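So this first bit is one chain, no partners, the form predicted alone, shown in structure tokens.
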């Protein structure tokens, strides 16, 4: 490891919200003699929180993507390529056959989609969880004049707990705008026992009420097991017909993480819940590739707001260590997310997910103000981070 007076290297793996936030914070706060390197498989950053707006036609793909190379003008080195191995003990990674060494390593590789775990799902259904999927959904929804749209969460574990419920509400809003809602049934069948369950019974009940007020047929604890054209089969041996199937995919740990010494028996990375430090000195992990169990027995939701907050904590503590100061930044489990309901309105759920004996979260009523706050956050990410 380099001496404190010489330049040190921080390598950030992953170019999503967490990785980009960490790299930016590090570069702003570290002397330029220290290197900040960001490694990502794809050359572009894509703001996943805006995919639902791509689905509704309110955004174009070009509005929610930006080349990661734009970070280079800030002094962040960008390496594009496949991460083949992670050696946490030696803080080295192999990218496109080349070894990159680090004094500090931040792993923010997200989660991979596991659509292959449900036969027929990706072949027959469409998803808003990817940019390409959201682009394909917009004309598909616009073309519907009658029939049945079935939305499913394909497993209890997925990214962004609010997203499938937002999708149902925004599709409802699109159909109303098109004047065909009376002729189209919308059903949402979720694998989990209630909407946004980690946030508590009050939030779950509030979201269920919003769905009911829109005439959306909601059925919890209904696990999809296979799909064929026009019909979805569920674990209780029932089947559901559809004209359009929309899904939130299940997730799995990235293969390179699972193959590394960072992975727990469950495949995810375990970290200190306050500092995000792993068991390996100088190695941290943030975002969707970590598993943070809560006192209620469920993990902290995998959402961009938490990846962002964790990124700032890790960056600040790395900077403090390099500069010989006491590390004091901690992740407190607080966060909030917007719940888009259509018609230019959004609810806002916020609270303390580390609270005992269970998270204390409040869902504020949908309003124009909350929707505009999400628009402002999108602007900040797309125009100030990159």
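Numbering follows the first chain given and starts at 1. As the structure is a computational prediction, the values presented were derived from the model and not from experiment.
Below: the form predicted in complex with a small molecule, not depicted.
The contact residue chosen from 102, 124, 210, 305 relative to the small molecule in the model of the complex is 305, the criterion being a non-hydrogen atom within 4.5 angstroms. Only one of 268, 218, 242, 113 comes within 4.5 Å of the small molecule in the model of the complex through a heavy atom, and that residue is 113.
With the partner omitted here, the stretch from 171-179, 198-206, 80-88, 231-239 that lies within 4.5 Å of the small molecule by heavy atoms in the model of the complex is 80-88. Using a 4.5 angstroms threshold between heavy atoms, residue 189 stays clear of the small molecule in the model of the complex. At a distance threshold of 4.5 angstroms between non-hydrogen atoms, residue 37 is out of contact with the small molecule in the model of the complex.
Within 4.5 Å of some heavy atom of the small molecule in the model of the complex lies at least one heavy atom of residue 159. Of the heavy atoms in residue 41, some are within 4.5 Å of the small molecule in the model of the complex.
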